[in-house]
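Coming up is one lone chain in structure tokens, specifically the form predicted alone.
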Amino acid sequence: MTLRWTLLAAAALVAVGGTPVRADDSIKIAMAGPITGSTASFGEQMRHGAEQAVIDINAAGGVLGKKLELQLGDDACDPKQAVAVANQLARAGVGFVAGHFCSGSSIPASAVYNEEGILQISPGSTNPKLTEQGFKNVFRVCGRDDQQGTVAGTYLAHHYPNGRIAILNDKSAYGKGLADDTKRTLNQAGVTEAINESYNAGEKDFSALVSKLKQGQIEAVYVGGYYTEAGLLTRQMREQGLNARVIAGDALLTNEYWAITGAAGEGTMMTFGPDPRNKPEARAVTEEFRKAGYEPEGYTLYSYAAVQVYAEAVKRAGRTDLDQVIKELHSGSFETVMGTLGFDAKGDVTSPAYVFYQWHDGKFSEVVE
């Protein structure tokens, strides 16, 4: 079965193909994220997840007798482009957006969705500010950086009590927020890092920073940022003879990281939620992806779950009215490929969890302790 979808970029709405669906026969939804740009691998994960969820839901009869019609918004992980996409999705009549991925995109876009009465459920934006703004229409199916940072900071304090730690960030809402939360937990545990610095997103030459890390005899480098820069940094560290452990957040859980580092990425650790591919609820969908030649890593199933949650909330509400759907989101739990999900008053999941993953021989897996 194929899925009709449209791609919404910052400047255009492009019909991709398939048989048009009459407006009164469909419920328009969207997935918005970095389809292009340096974090495009996460956009690909999100697209596959949302696309497959729509296919499966429509094959099972749709929602309220209507088919879901998916549009794709490309924000390239750029705040201004995210706002442009959000406004275009509003004009296109979309009532629900699974997105965005980068917190720096989700936060400004959320203001548009709030004003336009569009439900937003982010699969991967972890900055606490997203759900701290007081917008009733904003939810997420992932955890928060103050939870993720607590796990990372606790680990660093326990394993590196001598403080030979560097905390780095890329100045983005996600990267800096995560690094700050990790630093806060580390400091509260009585350990002070030796180096705390920022770098620029898009930076390629880290030789000066690596030299500083070597001079500081750093044993652990915590990176608050995305896989492209983190991968280059890791590779250049190894090339210059620095074998410090690299630890980061969920933005390194993509094969693109290893494609950049090669063997230099061996032993890199990241925090992320327990792998939903291992859950019984995800077994059938995971096999469906694999038969099609796609491995549903990272945020694929998170995006699938976001669409699942929306569809079920609409069914329970008996309508697509935003206030009624929000009421249903807060009134019960939802069975998804990620297991049972519920939401608190802010729109955060009620049972977040973070564990460590580690790169080994080109693959990442949960660390079993």
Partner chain sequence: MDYFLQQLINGVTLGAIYGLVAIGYTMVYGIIGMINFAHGEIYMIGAFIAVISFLAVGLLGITWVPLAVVLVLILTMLFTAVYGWTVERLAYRPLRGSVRLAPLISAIGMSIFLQNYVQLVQGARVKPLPPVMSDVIVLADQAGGFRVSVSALQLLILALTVALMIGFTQVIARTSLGRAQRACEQDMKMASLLGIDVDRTISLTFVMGAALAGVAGVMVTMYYGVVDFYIGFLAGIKAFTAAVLGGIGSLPGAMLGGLLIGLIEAFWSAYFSVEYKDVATFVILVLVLIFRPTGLLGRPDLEKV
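Take the two forms, superpose them, and find the largest set of C-alpha atoms that agree within 1.5 Å; that set is the rigid core. Positions refer to the first chain, counted from 1. Since this is a predicted model, take the numbers as computed values, not measurements.
One more form of this protein exists, namely the form predicted together with the partner chain; it is left out here, but the text below deals with it.
Q: So, in the predicted complex, is Lys291 in contact with the partner chain at a 4.5 angstroms heavy atom limit?
A: Lys291 lies outside the contact set for the partner chain.
Q: Please run the contact check for Lys171 against the partner chain in the predicted complex: heavy atoms, 4.5 angstroms, yes or no?
A: Result yes; Lys171 sits at the interface with the partner chain in the predicted complex.
Q: Can any non-hydrogen atom of Glu287 be found within 4.5 angstroms of the partner chain in the predicted complex?
A: Answer no; every heavy atom of Glu287 is more than 4.5 Å from the partner chain in the predicted complex.
Q: In the predicted complex, does Glu203 come within 4.5 Å of the partner chain, counting heavy atoms only?
A: Yes.
Q: If the cut-off is 4.5 angstroms on heavy atoms, which of these, Asn278, Asn187, Gln240, Gln133, is the one near the partner chain in the predicted complex?
A: The option sitting close enough to the partner is Gln240.
Q: Select from the listed residues Thr150, Gln236, Asn87, Asn114 the one whose heavy atoms reach within 4.5 Å of the partner chain in the predicted complex.
A: Flagged contact: Gln236.
Q: Does the trio Glu197, Lys212 and Ile260 actually contact the partner chain in the predicted complex, every residue with a heavy atom within 4.5 Å?
A: Answer is yes for this spot.
Q: Specify the contacting stretch among 135-143, 117-125, 177-185, 204-212, defined as having any heavy atom within 4.5 Å of the partner chain in the predicted complex.
A: Residues of 204-212 come within 4.5 Å of the partner.
Q: Establish whether a shift of 2 Å or more occurs at the C-alpha of Leu233 between this form and the one not shown, with the two forms superposed on the rigid core.
A: Where the cores coincide, Leu233 still shows a C-alpha shift between this form and the one not shown that is 2 Å or more.
Q: With both forms fitted on the core, check whether the Cα of Glu256 differs by 2 Å or more between this form and the one not shown.
A: Yes, shifts by 2 Å or more.
Q: Is there a C-alpha shift of 2 Å or more at Asp74 between this form and the one not shown once the rigid core is superposed?
A: False for Asp74: its C-alpha shift is below 2 Å.
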